[in-house]
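Just the one chain here, the form predicted alone, laid out as structure tokens.
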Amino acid sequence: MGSGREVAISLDGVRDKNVMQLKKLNTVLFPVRYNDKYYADALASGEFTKLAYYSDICVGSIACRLEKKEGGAIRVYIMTLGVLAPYRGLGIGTRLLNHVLDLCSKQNIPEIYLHVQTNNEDAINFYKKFGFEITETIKNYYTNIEPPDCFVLTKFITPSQGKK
């Protein structure tokens, strides 16, 4: 990607034996608690859910859910993407997101989307760099956090286009 030495970042799948890593990360990273369905969806998504390791320390994750739309088309919902604060800015989130975008392209999945709290400018700007656009605003999406509103960010992927 740029100059400088490559950082020792590796991705690993989430399985029953390491799903606790994902639970621990989510507890630290997000203001909401995720239920069993979240973890079942994450495990069921296979390659679309990954843990990121920096020098063998688990520092981030992406967890997705595969959804069937009417007509049978598949789309990907990013349930969570997060990196521990001290490890941000090292390309870990980019690596995680690019992994999922590449999978979408290779598997001809035309749409990927997520919800972002309306005041989370860092996340909104991060996703916009990858071609995501705000496609909807949902009032009172969140309970117990302020502001309660979210944006839906969506990226439409043309088959096998790879990265833009």
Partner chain sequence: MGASLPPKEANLFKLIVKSYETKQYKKGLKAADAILKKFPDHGETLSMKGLTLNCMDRKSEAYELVRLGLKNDVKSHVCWHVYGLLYRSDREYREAIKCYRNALKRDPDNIEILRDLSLLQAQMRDLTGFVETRQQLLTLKPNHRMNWIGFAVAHHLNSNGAKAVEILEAYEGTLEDDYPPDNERCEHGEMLLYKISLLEECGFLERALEELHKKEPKIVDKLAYKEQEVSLLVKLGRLEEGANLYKVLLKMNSDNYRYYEGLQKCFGLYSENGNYSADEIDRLDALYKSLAEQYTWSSAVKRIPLDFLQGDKFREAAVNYIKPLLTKGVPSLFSDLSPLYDHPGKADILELLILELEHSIRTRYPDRTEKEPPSTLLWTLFFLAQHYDRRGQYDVALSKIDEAIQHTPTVIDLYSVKSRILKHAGDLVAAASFADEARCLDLADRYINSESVKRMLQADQVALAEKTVVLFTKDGDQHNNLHDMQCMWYELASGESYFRQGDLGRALKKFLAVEKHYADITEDQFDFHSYCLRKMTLRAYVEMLKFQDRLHSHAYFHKAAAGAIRCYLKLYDSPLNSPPEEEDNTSKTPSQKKKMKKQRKAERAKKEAEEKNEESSASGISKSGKRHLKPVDPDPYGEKLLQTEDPLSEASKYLKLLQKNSPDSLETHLLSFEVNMRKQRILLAFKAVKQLLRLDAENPDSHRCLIKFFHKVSSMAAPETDAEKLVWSVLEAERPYISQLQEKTLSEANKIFLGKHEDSLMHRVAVAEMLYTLDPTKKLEAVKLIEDSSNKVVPTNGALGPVMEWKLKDCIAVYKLLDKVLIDQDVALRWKVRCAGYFPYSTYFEGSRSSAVNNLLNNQDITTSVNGGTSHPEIKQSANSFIPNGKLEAFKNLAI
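Numbering follows the first chain given and starts at 1. Keep in mind the model is a prediction, meaning the values are calculated, not measured.
Keep in mind that the form predicted together with its partner chain is missing from the display, and what follows is about it.
Under a 4.5 angstroms non-hydrogen atom cutoff, its partner chain in the model of the complex has Leu29 among its neighbouring residues. In the model of the complex, no heavy atom of Ile134 sits within 4.5 Å of its partner chain. Taking the partner from elsewhere, Ser10 is found to have every heavy atom lying beyond 4.5 Å of its partner chain in the model of the complex. In the model of the complex, Gln117 approaches its partner chain with a heavy atom inside 4.5 Å.
Using a 4.5 angstroms heavy atom cutoff to its partner chain in the model of the complex, none of Val14, Phe48 and Thr154 count as contacting.
Although its partner chain is not shown here, in the model of the complex the stretch 133-153 places heavy atoms of Asn140, Tyr141, Tyr142, Thr143, Asn144, Ile145 within 4.5 Å of it, in sequence order.
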